[in-house]
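Same protein, same chain, two forms; see structure 1 and structure 2 below, as structure tokens.
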Structure 1
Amino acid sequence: MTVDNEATLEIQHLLRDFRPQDGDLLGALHAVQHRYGYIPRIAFRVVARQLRLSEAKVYGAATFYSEFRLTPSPATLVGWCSGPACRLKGSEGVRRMLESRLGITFGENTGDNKLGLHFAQCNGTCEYAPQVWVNGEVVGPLTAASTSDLVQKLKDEA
């Protein structure tokens, strides 16, 4: 309970500049995610109160988007580019290697929460296709073979 109260206060503080009826809902959710790496359950109530919306509306918004996370993010998030240039250059092989060596698929984390896989969209760095983003940093061009080395490196570092 006290932990919850503390978190509530902290989120309230975080959101102090966001106002109702001002197009601030996405900004508020981003602020929370930026602070915690995800949107903790308790935040929905705080955001809702701050922006005078229903909790359902806030939850509905958060779940509409692929970049808001409702569970803690892993220490290392590997985003796999699902775009066309990457596809043409072998991203499916990269995906199969990632999934089989990590034993997880998109939206999942390894049991120890150290590594997670994320289905990501092309950001126009297609010259480095096929690629993944390791905590936002582009790694590419990859082959399935070099992906295997990458996974090993990430596991060793984790």
Structure 2
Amino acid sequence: MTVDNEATLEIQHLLRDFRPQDGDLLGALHAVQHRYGYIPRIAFRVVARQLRLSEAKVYGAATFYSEFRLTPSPATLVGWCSGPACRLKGSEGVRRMLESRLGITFGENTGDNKLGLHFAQCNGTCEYAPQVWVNGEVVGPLTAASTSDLVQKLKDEA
């Protein structure tokens, strides 16, 4: 049996209690992510079939909500705050530095899966704006220069 077939059967088993027309799409995606730590591509087809939806609708929901991951979790996850206070205080420079120094864009991990980058929603720690979260811990306020230093430190520790 191929890995895809095994994964398909496992996902089908995870989703056995989810029904079409019951508004179960987000619950189904959460179940898959809880099991795998992310939502593998094959899950879109299985969820769509189980809930009688298009794969595009399933993919759209998975990419709309920032809590869903489409790649395996990296060892270190950097979340860039996209909230208004951070943006007003210059977080775009922080974002550009993160992407440049890590060599990835949002929703991606480095090739060795040691570092990942994702959008994060404001968590109310605006006094540290602009900020990022490193494995859930607030780091800020940041400048482009201090962001470069932070990325170097993360790379050295990885």
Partner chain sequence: MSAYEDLRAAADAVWAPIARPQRPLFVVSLNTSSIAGGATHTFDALRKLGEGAGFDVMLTGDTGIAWAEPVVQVQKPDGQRILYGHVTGDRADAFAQAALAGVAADFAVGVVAGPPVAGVPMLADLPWMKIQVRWMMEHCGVIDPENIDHYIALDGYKTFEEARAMERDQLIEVIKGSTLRGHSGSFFSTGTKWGFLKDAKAEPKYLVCNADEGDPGAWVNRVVMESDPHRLLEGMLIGAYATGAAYGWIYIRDEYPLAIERVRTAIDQARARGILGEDALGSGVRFDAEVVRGAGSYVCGDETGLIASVNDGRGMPKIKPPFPAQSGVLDRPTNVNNVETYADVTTLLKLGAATYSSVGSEANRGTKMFTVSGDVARGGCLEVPFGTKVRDLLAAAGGIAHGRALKAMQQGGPLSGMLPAEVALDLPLEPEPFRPLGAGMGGGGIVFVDDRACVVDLNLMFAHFLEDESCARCTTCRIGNQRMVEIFARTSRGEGEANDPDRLQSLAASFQNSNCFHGQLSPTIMNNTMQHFRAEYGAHVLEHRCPAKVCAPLVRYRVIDQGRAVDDAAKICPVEAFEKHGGKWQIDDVRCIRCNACKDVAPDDIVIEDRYVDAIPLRMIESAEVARAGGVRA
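Here, residue number means position along structure 1's sequence, counting from 1. Here, rigid core means the biggest group of C-alpha atoms that superpose within 1.5 Å across both forms. From a predicted model like this one, the values you see are computed outputs, not experimental measurements.
Of the two forms shown, structure 2 is the one predicted alone, while structure 1 is not. Comparing the rigid parts between structure 1 and structure 2, the hinge falls at 72 out of the candidates 117, 114, 97, 72. Smaller rigid part rotated by 35 degrees relative to the larger one between structure 1 and structure 2 (C-alpha superpositions, whole degrees).
Relative displacement of the residue 37 Cα between structure 1 and structure 2 on rigid core alignment is 3.8 Å.
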